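Given as structure tokens, the chain that follows is alone and in the form predicted on its own.
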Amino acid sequence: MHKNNKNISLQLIRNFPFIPSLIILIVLILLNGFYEPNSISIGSLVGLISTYLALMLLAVAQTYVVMSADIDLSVGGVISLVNVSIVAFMDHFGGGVYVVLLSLLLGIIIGILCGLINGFVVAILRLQAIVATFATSIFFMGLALYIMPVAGTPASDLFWLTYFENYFGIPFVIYALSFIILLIFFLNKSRFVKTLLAVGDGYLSAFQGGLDVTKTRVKGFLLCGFFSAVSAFCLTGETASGDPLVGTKMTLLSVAAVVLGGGALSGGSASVIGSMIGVLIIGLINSLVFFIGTPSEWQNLIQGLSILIALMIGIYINIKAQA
């Protein structure tokens, strides 16, 4: 009986690789609640989502390229470029409703174009993704610095006030998150995600199975560019200003979140839900380190060590499940 239960658990993890990260998330919520009871109130949890929504969306963007065994180190550069572009656009043309809407459209176009560039150099020119996207990251960051050499240009009041506003007693970020989850739900039900995972399992076998591997990988980068742009919108709403270096630290965090969520950088196994959970794990670890009173000079060390331990636990469980 015990063996049957173990087999069922392992099969469940194979089908849903984000389960270990979900368990870690629940443990962290309980630990945060133990050290700071107010941290598990509705308001605090909404604040956590608001703070990390941009990183959650960036992890979603990263997931769609990891599914096909690629990686995008330029997502931070895309965020910076979209951020300064839309802020500069609003600053130049004013902060009216139509200008804000046009700036959002501009941001989406820039994100998709960045994804197209990455898809071209990686999937069509066959350059190594890790090297090619590192190079395009420098290019995108350079463009961002050209558009806005110095940080601090304020975003339109209409833009950031809308982001922080409550509608019918519900914060705007909850509506934004609900819309994104709905969009992700339909994407995950589509054949496209299954194709990405099939390509990630092996380019040759996918090609022999009749899949257009190159086209699929390019589409993955396009989707990554789109979600990176949406992530930039959230970050702009959160900071209410433009900063050409704002995305610098977010790239590797998005990769860590994907792995924390049960994704494999070798491709063929990744979960958007798991990646979003991975971001919340990072956020809750940061909160817990603060709540337990860790001295400031030790906080980065403890945070990094805790994330590493969470990564090892999740990877170990998933490896056991796949064995």
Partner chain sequence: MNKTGGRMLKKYLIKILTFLTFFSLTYQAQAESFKIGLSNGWVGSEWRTQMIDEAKEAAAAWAGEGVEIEILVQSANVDVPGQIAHVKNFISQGVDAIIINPNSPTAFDPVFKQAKAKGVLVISTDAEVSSQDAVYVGIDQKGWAAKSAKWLAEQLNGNGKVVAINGFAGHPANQMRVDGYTEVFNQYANIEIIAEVNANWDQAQGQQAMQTLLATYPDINGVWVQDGMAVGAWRAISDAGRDNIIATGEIRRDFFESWKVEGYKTGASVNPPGVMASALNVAVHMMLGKNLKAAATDGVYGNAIYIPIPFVDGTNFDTVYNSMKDEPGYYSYSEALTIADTANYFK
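Residue numbers count along the first chain shown, from 1. Quick caveat, the model's predicted, so the values are computed rather than measured.
Omitted here: the form predicted together with the partner chain. The next part is about that form.
Novice: So which of Gly119, Gly107, Gly242, Gly76 reaches within 4.5 angstroms of the partner chain in the model of the complex, heavy atom to heavy atom?
Specialist: By the 4.5 Å heavy-atom cutoff, the listed residue in contact is Gly242.
Novice: To verify the annotation, which of these, Met90, Val246, Leu223, Val230, has a non-hydrogen atom within 4.5 Å of the partner chain in the model of the complex?
Specialist: That would be Val246.
Novice: According to a 4.5 angstroms non-hydrogen atom cut-off, is Ile170 in contact with the partner chain in the model of the complex?
Specialist: Output for Ile170 is no: heavy atoms all beyond 4.5 Å of the partner chain.
Novice: Would you please decide whether Gly33 lies within 4.5 angstroms of the partner chain in the model of the complex, comparing each non-hydrogen atom pair?
Specialist: Judged by the heavy-atom cut-off of 4.5 Å, Gly33 is well away from the partner chain in the model of the complex.
Novice: Quick one: is Tyr175 in contact with the partner chain in the model of the complex, heavy atoms, 4.5 Å cut-off?
Specialist: Close contact is absent here: in the model of the complex, Tyr175 is far from the partner chain, nothing within 4.5 Å, heavy atoms only.
Novice: Is there any non-hydrogen atom of Val99 lying within 4.5 Å of the partner chain in the model of the complex?
Specialist: No, Val99 stays farther than 4.5 Å from the partner chain in the model of the complex.
Novice: Could you run down 45 to 67 and flag each residue that has a heavy atom within 4.5 Å of the partner chain in the model of the complex?
Specialist: Stretch hits, in order: Gly47, Ser50, Thr51, Tyr52, Leu55.
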